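We begin with a single chain expressed as structure tokens, specifically the form predicted on its own.
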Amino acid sequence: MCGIFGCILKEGKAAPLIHASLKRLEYRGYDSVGVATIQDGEIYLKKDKGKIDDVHRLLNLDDLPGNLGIGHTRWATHGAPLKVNAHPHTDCTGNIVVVHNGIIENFSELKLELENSGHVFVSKTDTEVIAHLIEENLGKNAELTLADAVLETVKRLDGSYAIAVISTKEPDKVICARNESPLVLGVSDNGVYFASDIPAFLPVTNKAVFIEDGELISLSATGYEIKKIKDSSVVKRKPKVIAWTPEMAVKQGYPHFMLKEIHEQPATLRNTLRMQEHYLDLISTFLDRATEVFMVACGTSYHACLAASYMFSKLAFLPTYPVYASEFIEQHGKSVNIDSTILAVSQSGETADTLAAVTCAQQRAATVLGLTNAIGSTLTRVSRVYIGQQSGPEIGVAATKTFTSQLSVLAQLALRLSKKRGKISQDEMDYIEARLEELPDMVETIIQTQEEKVKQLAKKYKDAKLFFFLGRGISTATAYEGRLKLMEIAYIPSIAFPAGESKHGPISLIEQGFPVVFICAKDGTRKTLVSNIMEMKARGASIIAIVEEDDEEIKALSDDYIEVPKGIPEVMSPIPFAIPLQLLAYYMTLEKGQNPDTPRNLAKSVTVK
């Protein structure tokens, strides 16, 4: 997501160091940049949309005075990529300056409350409420320190945040706080630094202090103090020496971006559960009115749409038609009309085939809705309504965290539409919503408990020439995605089918030791899936099952199995069941001696048809 860096130096100007450090955070992805410093009790601020180098050529970020400052690179979640929405943000007086990484869930309520108290907002961001809340707290009690005012502010924030605050009230301090967004300190003889990631300050110090959730930090040129937000108790924590190379630091110690992004999925799923209610309601209203709904996407995003078609059917009784974007114009181009609704799904928002399908639909007066990870992309500009999946930039070419984030958003849309239509009972809806909230923890458990087992499976099957992936119902989409991951990065030919179709041709390929991966959700298809497993097993296949942890019957039928937590509702199963398949593809790729981040012939965003 966004990148934060700031420092308090004993000697030297802060601005050039902030500029250089933000450059080292470019890999996080961003659409705008800004820097603020303090000197002689006055705030100096420069910001704009665009790349760091372009903004620097225009504004000269290095000439801001002062030995104390904060900087930010923004990945838009609230508000388009415009100068007015770039960080840092200020209060009404311009004397309080804030940078923020994360998502404030209750910003709409806080903003309304502050506006009713006379505060004037200039941006569309959630971040700006933080600056005004601090201003409000200081206005009510002038005896509060800046740290006290920030403490009272963060106690009112729901959601995720890593924030840094400077103010003319205490021009020699920086106050930071963290909850579910990364923040780390660096210390050296010349000052104190803070950043979203270690690479930002690694060239100036390798001594790092890791900040934990629920902590507030006061920084000065002589050091730092950490307190618990809940009770203001002081936390003693010494710096640790970081032995990472700059390349390792960029990947937070992981050998590849893909593995880093697989491990980020608990956090990105939590972010998707912080969707703005207004946009979920708006999109579900358009879907409810539609005579027909086409879900248009490519690659992994298409698999998310395929899974979502089951979600909408089972929860909201809405038939939807998942269509490969490259086939949409030929297959449906002349049949769509003013009563048609297109839900276009694209991680980048720039996929050429998806945009071509959208253009075709618009020309025939269809309603276009968008789901993307890139606010400000072409898809957001051409959609009647769009929603951001809030999973942050993904550097590995193979989609991992963006896939599960798309599924989470689509599940929330299906639930919202189900509420409007009254198609399932309140008890069932409450149960599914509760389990959806638990998904991030489930995914974290899968990674922690099953990764080593998957690594050993990769060693066992590394010489396999062909893989089958089979599932029934919504798990068919999971099978397709598992096949795609293995094929695109490990270069192993793979076939995916609905398990019921395996008898109609594919089963002829089975011979002794042939690996067949079954996605075994405990749903209405399970009994027939057991029959499919036995058919494959009888012909000598090696059965690799992704099973719920209490499914002893399928474990007994399998040669190898990977477990996920039990009690997963059918409509949510592709999210946890996809995690072992991502790990399998990753470790198979390593066994093949390939780089999973840069598979041959592929690009992150396909902008040609």
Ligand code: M6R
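Nothing here was measured: the structure is a model prediction, and the numbers come from that model. Numbering starts at 1 and follows the sequence shown.
The following text describes the form predicted in complex with the ligand, which does not appear among the structures shown.
A.B. asks: Just one stretch in 294 to 302, 209 to 217, 422 to 430, 105 to 113 has heavy atoms within 4.5 Å of the ligand in the model of the complex, so which one is it?
C.D. replies: Stretch 294 to 302 is the one.
A.B. asks: Which one of 399, 521, 316, 177 is close to the ligand in the model of the complex, taking close to mean a heavy atom within 4.5 Å?
C.D. replies: The option sitting close enough to the partner is 399.
A.B. asks: Which one of 181, 190, 348, 137 is close to the ligand in the model of the complex, taking close to mean a heavy atom within 4.5 Å?
C.D. replies: Comparing distances to the ligand in the model of the complex, the residue within 4.5 Å is 348.
A.B. asks: Is there any non-hydrogen atom of residue 92 lying within 4.5 Å of the ligand in the model of the complex?
C.D. replies: The answer is no: residue 92 has no heavy atom within 4.5 Å of the ligand.
A.B. asks: Looking at the partner-bound form in the model of the complex, is residue 488 within 4.5 Å of the ligand by any heavy atom?
C.D. replies: Close contact exists here: in the model of the complex, residue 488 approaches the ligand to within 4.5 Å, heavy atoms only.
A.B. asks: State yes or no: in the model of the complex, is some non-hydrogen atom of residue 484 no more than 4.5 angstroms from a non-hydrogen atom of the ligand?
C.D. replies: The answer is yes: residue 484 has a heavy atom within 4.5 Å of the ligand.
A.B. asks: Quick one: residue 437 and residue 28 C-alpha atoms, closer or farther in the model of the complex compared with this form (3 angstroms or more)?
C.D. replies: Residue 437 and residue 28 sit farther apart in the model of the complex.
A.B. asks: Kindly indicate if, in the model of the complex, the C-alpha atoms of residue 28 and residue 265 are closer or farther apart than in the structure shown, bearing in mind the change is 3 Å or more.
C.D. replies: Farther apart, by at least 3 Å.
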